[in-house]
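Shown below, as structure tokens, is a lone chain in the form predicted alone; questions about how it binds or moves come after it.
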Amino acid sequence: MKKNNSGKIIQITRRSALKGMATTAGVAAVSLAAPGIIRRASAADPIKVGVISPLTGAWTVYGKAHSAGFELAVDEINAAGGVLGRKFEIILGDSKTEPRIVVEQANRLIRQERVDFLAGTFSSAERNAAGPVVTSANKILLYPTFYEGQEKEYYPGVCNKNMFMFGPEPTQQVWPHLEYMMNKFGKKFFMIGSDYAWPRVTNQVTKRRLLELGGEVVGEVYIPFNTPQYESVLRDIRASGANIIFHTLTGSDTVNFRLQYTAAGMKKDFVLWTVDDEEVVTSGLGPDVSAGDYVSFDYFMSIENPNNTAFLKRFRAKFGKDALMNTVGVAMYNAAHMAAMAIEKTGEVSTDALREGLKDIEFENGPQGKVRMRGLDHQMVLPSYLMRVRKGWTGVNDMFEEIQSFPSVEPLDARCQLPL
């Protein structure tokens, strides 16, 4: 799909999905060898942005807010006259929640559509799949999702000068709230997560601070995607002596586990703390399953500040009064505005100019409040909120009760060769 200058979304033909990993590897190899495409732009040409969202597949529920946040920002940028006299144009690519499709889409957007930069991908696996493509083509990727932090062993998916991270990492999302949770509920944690990079590395980083505070991990398990039954895991949790279940399951596995956990009557015996379930996921779980659980993020629809009130008014006017926003959609919104600011600041549309322009840039109008892109390691400085899900909630307006918050949290330095 393309979004034209009037804001209308129009359908375009996409190449057939690759049939296997071997084919994908071939495409990646071609992208690494192919020369960069050079084109001349006039003042009338749009600034083309390739947006890769999970429009279908396991994470479609996230994809709606993901792409909507960027679309809303582009509408605002274009209504204000664009940047350097040029409008933004969105060209959408569907990741289908599959890393191999991300490789295909990134190559298509860069090589065929000739976008100026990319925004999106959702999971860490998708981001890591895009890494070699943006590195070889020398294009910027604006990555929106809460993630595990940057470890140099995962380069070029992180620790990459062409990637900017707009979502929180564990030292922002988890560390600020560990003392509160341990003091109130106990120091024994059982960790359950999906079996991929984000849960595993998030737990590694969490354990570092947990152990410093005198905590203990009494169980740790990683679940393959689309696991239907959790009886054995629930038995292990019961026998572990845990006080807190630290939850990093995603997608349908969140729903399956939480339904069975609630049906087993375990909510009265344990406290569940998730770093994945904001308004979109919690709405899907319902009040009976989610009530009393704890969630931490940089953004919730219910946070009270003038920026968020104005943002939600504009968002609902465009997408409907029942549309849901989340931390990833807000990160996409911030990313679009901050990219526009960076281009305006440097006075040109190029990878080098965008890279330099984004460093240390501040955005006063972030829905969660003022945010800043740290130039050292391309990580955002963000607020952090710990929320408890209310009993008997009826919608997003009464879903969460704020327990504590911090207006600006600096992340731990990326574990990379710095500066990027």
Partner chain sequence: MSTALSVVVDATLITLILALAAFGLAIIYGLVGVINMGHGAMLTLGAYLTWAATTAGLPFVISIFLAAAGVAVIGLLLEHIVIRSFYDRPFDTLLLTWGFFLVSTEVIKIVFGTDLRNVANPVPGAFDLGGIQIPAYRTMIAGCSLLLIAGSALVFFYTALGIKIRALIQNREMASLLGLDVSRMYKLVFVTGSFMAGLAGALISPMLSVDPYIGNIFLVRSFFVVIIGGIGHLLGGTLIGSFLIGGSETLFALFSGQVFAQTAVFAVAIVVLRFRPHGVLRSG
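Residue numbers count along the first chain shown, from 1. In this text, all values refer to a predicted model and were calculated from it rather than measured experimentally.
Absent from the display: the form predicted together with its partner chain. The rest refers to it.
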I'd like to check something about residue 229: if you look in the predicted complex, is any of its heavy atoms closer than or equal to 4.5 Å to a heavy atom of its partner chain? yes
Would you check, heavy atoms only and a 4.5 Å threshold, whether residue 176 touches its partner chain in the predicted complex? no
Would you check, heavy atoms only and a 4.5 Å threshold, whether residue 58 touches its partner chain in the predicted complex? yes
Is there any non-hydrogen atom of residue 80 lying within 4.5 Å of its partner chain in the predicted complex? no
Checked 292, 306, 241, 224 for heavy atoms within 4.5 Å of its partner chain in the predicted complex; positive is 224
With its partner chain left out of view, which of 350, 302, 252, 171 would have a heavy atom within 4.5 Å of it in the predicted complex? 252
Its partner chain in the predicted complex: contacting segment from 326-334, 70-78, 263-271, 311-319, heavy atom within 4.5 Å: 263-271
Is its partner chain in the predicted complex near all of 208, 247 and 395, within 4.5 Å of a heavy atom of each? no
From first to last in sequence, which residues of 269-288 have any non-hydrogen atom within 4.5 angstroms of its partner chain in the predicted complex? 281, 283, 284, 285, 286
